[in-house]
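Next comes just one chain, in structure tokens: the form predicted on its own.
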């Protein structure tokens, strides 16, 4: 059996996604975000995190192409990209998922293209499928949308 890795899971619409725990620096409760005029719809706003201004990317807009429905309290994941921090707005935080290398499978063609472009692998455990997003690609895609 291969090495075990931990992932933080979260929901985007009906999709269960995850990123490796070693990329996450913080999980924040719903935050006030400062809108960015003329920014693409994938930019939810700016967040002041202890004096550091972070761009918050809206994964729902990036992956589903739709805005956030009224209600709900989206959560913010703060991730490290190289030496920089960025943040992702997600619908809800899930569990920590542990997977061994044998459980990381290639992304199937049945996954929508918008997710497939940013998915590094999938974890299938029983009937549950978790899309493991490539944090680097997510940050780049959100910043250039």
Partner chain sequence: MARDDLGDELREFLIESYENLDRTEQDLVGLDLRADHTEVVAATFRTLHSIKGACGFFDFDHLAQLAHEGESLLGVLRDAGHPMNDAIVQLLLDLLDGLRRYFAIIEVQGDDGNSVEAELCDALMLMRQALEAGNGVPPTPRHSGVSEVQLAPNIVVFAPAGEATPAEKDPVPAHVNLLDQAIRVDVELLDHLVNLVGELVLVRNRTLQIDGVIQDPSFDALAQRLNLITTQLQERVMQTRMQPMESLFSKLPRLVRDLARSLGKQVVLATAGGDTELDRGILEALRDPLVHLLRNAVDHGIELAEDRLNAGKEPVGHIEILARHEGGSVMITIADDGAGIDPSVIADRALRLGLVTAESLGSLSARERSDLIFLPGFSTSEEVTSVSGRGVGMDVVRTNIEQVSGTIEINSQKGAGTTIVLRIPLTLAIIPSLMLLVAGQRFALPQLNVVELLRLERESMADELAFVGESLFLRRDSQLLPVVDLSALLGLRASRVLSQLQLLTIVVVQLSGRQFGLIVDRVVDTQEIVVKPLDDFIGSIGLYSGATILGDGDVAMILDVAGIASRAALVLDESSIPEREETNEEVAEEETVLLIDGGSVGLVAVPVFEIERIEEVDASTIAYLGGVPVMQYREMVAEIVTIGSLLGGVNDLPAAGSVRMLIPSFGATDRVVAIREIIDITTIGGRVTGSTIIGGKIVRVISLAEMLVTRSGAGHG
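These numbers come from a predicted model, not from an experiment. Residue numbers count along the first chain shown, from 1.
Just so you know, the form predicted in complex with the partner chain exists too; it's not on screen, but the next bit is about it.
Q: Exactly one of 120, 97, 46, 61 has a non-hydrogen atom within 4.5 Å of the partner chain in the predicted complex; which residue is it?
A: Result of the distance check: 46.
Q: Here the chain is shown alone; which of 69, 82, 106, 37 has a heavy atom within 4.5 Å of the partner chain in the predicted complex?
A: Only one listed residue qualifies here, and that residue is 37.
Q: Taking any heavy atom pair closer than or equal to 4.5 Å as contact, tell me whether residue 28 reaches the partner chain in the predicted complex.
A: Residue-level check for residue 28: no, no contact with the partner chain.
Q: Closest heavy atom of residue 88 to the partner chain in the predicted complex, within 4.5 Å or not?
A: It does not: once the partner chain is placed as it appears in the predicted complex, residue 88 has no heavy atom within 4.5 Å of it.
Q: Would you check, heavy atoms only and a 4.5 Å threshold, whether residue 92 touches the partner chain in the predicted complex?
A: Outside the cut-off, so no.
Q: Do residue 111 and the partner chain share at least one heavy atom pair within 4.5 Å in the predicted complex?
A: Because no heavy atom of residue 111 falls inside 4.5 Å of the partner chain in the predicted complex, the answer is no.
Q: Name the stretch: of 38-46, 112-120, 72-80, 97-105, exactly one has residues whose heavy atoms fall within 4.5 Å of the partner chain in the predicted complex.
A: Careful reading of the contacts points to 38-46.
Q: With the partner chain taken in the predicted complex, which residues across 103-135 come within 4.5 angstroms through any non-hydrogen atom?
A: Residues within 4.5 Å: none.
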